[in-house]
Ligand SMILES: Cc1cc2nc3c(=O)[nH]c(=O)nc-3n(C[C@H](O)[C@H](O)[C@H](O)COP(=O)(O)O)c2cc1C
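A single chain comes next, written as structure tokens; it is the form predicted alone.
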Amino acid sequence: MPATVQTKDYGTVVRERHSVRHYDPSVTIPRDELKEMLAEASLAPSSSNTQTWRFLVIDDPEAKQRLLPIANNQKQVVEAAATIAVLGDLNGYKEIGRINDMAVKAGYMPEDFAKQFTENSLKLYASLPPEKMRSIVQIDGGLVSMQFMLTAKSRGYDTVPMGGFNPQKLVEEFSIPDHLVPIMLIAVGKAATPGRLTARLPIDDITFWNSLNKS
């Protein structure tokens, strides 16, 4: 049975979420609950709703040890309940027909529109240069990653996103196919020590209205 969801209002969640690097290794997260969290995360927006994110969940102790040197020996990957390797599928756009068929069956989209949308999208994405597709899946991966961290916090868990890892070694060690691009690692579990509080720039210093000219 999945654990009871701990709901908090958004303002609390977004203010209390901090990157945590020290986890209680005795705390596990049931796979059913991890799946619920990933399902909530995957409600994030994506390019043409192609949902190009893919998740490699590393929760087995032996697999965590294999990940440790790849993640620059950051201890959170072995102490946390799991580490999610967020991957971007360069071929993910090919699922758009199935996605749109599901939308038709759910009553979200007229069948004729879905057919045309699918045909146009397949042509568009197939014609894009590799660097553009890579950019798309990285943006989509960033969106789903942030949503995962917020849903984890809403359930009482802590997270830390990690860009400090060796993508090529991750690909090799975990036999990741060429069409899946490593985007980031996210450790998730219960904090052993609180995350360090951080300061933020004043919003007026980073916000512009209709022009980048502040004068």
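On a predicted model such as this, the values are computed, not experimentally measured, just so you know. When you see a residue number, it is the position in the sequence shown, counting from 1.
The form predicted in complex with the ligand is left out here; the points below concern that form.
Student: Within 4.5 angstroms, counting heavy atoms, which one of the listed stretches 158-166, 172-180, 58-66, 32-40 is next to the ligand in the predicted complex?
Tutor: Contact criterion met by 158-166 only.
Student: Taking 4.5 angstroms as the cut-off for heavy atoms, does residue 193 touch the ligand in the predicted complex?
Tutor: No.
Student: For residue 18, is any heavy atom within 4.5 Å of the ligand in the predicted complex, or not?
Tutor: It does: once the ligand is placed as it appears in the predicted complex, residue 18 has a heavy atom within 4.5 Å of it.
Student: Please tell me whether any heavy atom belonging to residue 198 falls inside 4.5 Å of a heavy atom of the ligand, as the geometry stands in the predicted complex.
Tutor: Contact with the ligand, yes.
Student: Going by a heavy atom distance of 4.5 Å, is residue 83 a contact of the ligand in the predicted complex?
Tutor: Because no heavy atom of residue 83 falls inside 4.5 Å of the ligand in the predicted complex, the answer is no.
Student: Need the contact residues for 64-89: heavy atom within 4.5 Å of the ligand in the predicted complex, sequence order, or none if there are none.
Tutor: The stretch touches the partner through 74, 76.
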